[in-house]
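Okay, so here's just one chain, in structure tokens, the form predicted alone.
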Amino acid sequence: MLSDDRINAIIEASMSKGADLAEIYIQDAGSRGVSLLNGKVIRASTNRTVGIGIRIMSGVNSVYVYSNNLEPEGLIHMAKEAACALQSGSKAEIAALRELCKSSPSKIEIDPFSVPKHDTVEILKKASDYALSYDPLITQVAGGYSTGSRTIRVVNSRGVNREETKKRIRLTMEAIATKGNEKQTGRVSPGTMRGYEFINEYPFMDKMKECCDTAIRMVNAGYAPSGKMPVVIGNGFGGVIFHEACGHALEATSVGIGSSCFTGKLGQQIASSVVSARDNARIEGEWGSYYVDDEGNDSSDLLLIENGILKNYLVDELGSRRMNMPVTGCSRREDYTFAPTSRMSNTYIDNGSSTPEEIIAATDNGIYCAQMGGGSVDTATGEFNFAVNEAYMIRNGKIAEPVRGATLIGKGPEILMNIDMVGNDLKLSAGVCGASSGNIPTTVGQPTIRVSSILVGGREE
């Protein structure tokens, strides 16, 4: 990698035409993965990516350039070209580079890169064979495994000099049931920042059975009804609604330019008093964790909502300048080809005081959403639309028959106010979030919650 002298020369070149901040992001990342379909390997990959990104800022104006060639003279030339494009006219003082500080939020016992792919392929094959013989309705089974290691170094003209290494593992198992023209899916996709010991401990057959049972129940189910009704949303990935309909609207990316439905709402009630929520990037070994963000700041355990009151936004460097607020260590990017921006990490609704059983028993009639699917949201209005992968009717305070085809439709601000019960069974689930700085690992989560009234899209048979 680049020496400190070379890095200082690049910073000098970046600031040569006037700027108040120059930032260098250096990345060395490797990944391995394998995908199976019906027990046969359809893809295997090993990759390594090395590159550098240079950002120059003056007020709320910035220029970002990047390269996968770390030859120093070329980088100095690139930095000078970027400086000419900014042309701010005033130059801030360049601070001396601090001593390099290293960190890692990963919790590794067995390095995943030390284990041959063949070992994982055999495990996934066994799970696939089990599923294909489980029931004639199971017609397709998919499995996947990926592991990645990334070391980043962030250096800037303020003297910041930070390095962090993150290693992650993710599994995917999916069973598809077919009945006539109807197909339904059961899926699990855990992710972690642990080592290969996670694979050794994972209950593959039990989880594959769950996938098969879910797919079979759903393919045999009738259609969900339509209309406004109480909805109970299960823990774990149910938190994707909060992530999409509320979390993105709390990022400075939208708040800072006034395109969020929560702009100007700090200190105001935006949710029911039973709702508290956090974005905690500092959970050791969790999928979306990091200790140093992609601007070189310490990450945080950030209280977003407390008893319904909006307490904080997710603020990056550019957002800080636009909003006149301190950064919160939430700046992230997919890789060196993206400029960083405010993003979520491990974002969840916190535990409440009710048990899941109490929530179901308190609901006379409605729908229980056990597994959420994909959806979309408009951060300016908070309007969202989410599919439900696994749902059941609630009748007389008990979970009844399965139903398929349910969709939850609403506005984030309204739904947050309609949450009237929050469980004590908080669970976190791995995901991938896409936004202006690329696709990044994020965790969503929540305990079981009840929304007193929400529009359900479905149809009667």
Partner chain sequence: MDSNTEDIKKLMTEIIGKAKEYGFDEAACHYSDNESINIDILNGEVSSYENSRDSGFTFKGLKNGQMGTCGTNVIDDDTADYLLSGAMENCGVLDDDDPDFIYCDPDHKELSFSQLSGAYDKNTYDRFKELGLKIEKAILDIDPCVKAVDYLSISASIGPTIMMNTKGLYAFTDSDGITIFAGARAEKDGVVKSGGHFWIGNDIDKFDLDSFIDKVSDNLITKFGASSVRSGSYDTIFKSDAFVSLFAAFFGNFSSFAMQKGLSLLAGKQGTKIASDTLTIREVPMYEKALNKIPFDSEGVLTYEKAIIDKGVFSTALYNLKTAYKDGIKSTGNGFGGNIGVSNIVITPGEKDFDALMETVGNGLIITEVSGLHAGVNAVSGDFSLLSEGFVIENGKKGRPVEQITISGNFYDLIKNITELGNDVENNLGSRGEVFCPSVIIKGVNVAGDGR
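Residue numbers count along the first chain shown, from 1. Remember, predicted model here, so these are calculated numbers, not experimental data.
The form predicted together with the partner chain exists for this protein as well; it is not shown, and the discussion that follows is about that form.
Using a 4.5 angstroms threshold between heavy atoms, G405 counts as touching the partner chain in the predicted complex.
Residue contact with the partner chain in the predicted complex: N424 places no heavy atom within 4.5 Å of it. In the predicted complex, the partner chain stays beyond 4.5 Å of every heavy atom belonging to K107. Proximity of K228 to the partner chain in the predicted complex: non-hydrogen atoms within 4.5 Å are present. Think of it this way: in the predicted complex, the partner chain has a heavy atom of just one of A387, A361, A92, L266 within 4.5 Å, and the residue is A387. Residue-level contacts in the predicted complex: of R322, R150, R158, R153, one residue has a heavy atom within 4.5 Å of the partner chain, and it is R322. Contact annotation for the candidate site: R6, G296 and A430 all lie away from the partner chain in the predicted complex (no heavy atom within 4.5 Å). The partner is not drawn, yet in the predicted complex one stretch among 254-262, 349-357, 165-173, 98-106 has residues with heavy atoms inside 4.5 Å of the partner chain: 254-262. Contact residues in stretch 57-75 (any heavy atom within 4.5 Å of the partner chain, taken in the predicted complex) are V60, N61, S62, V63, Y64, V65, Y66, S67, N68.
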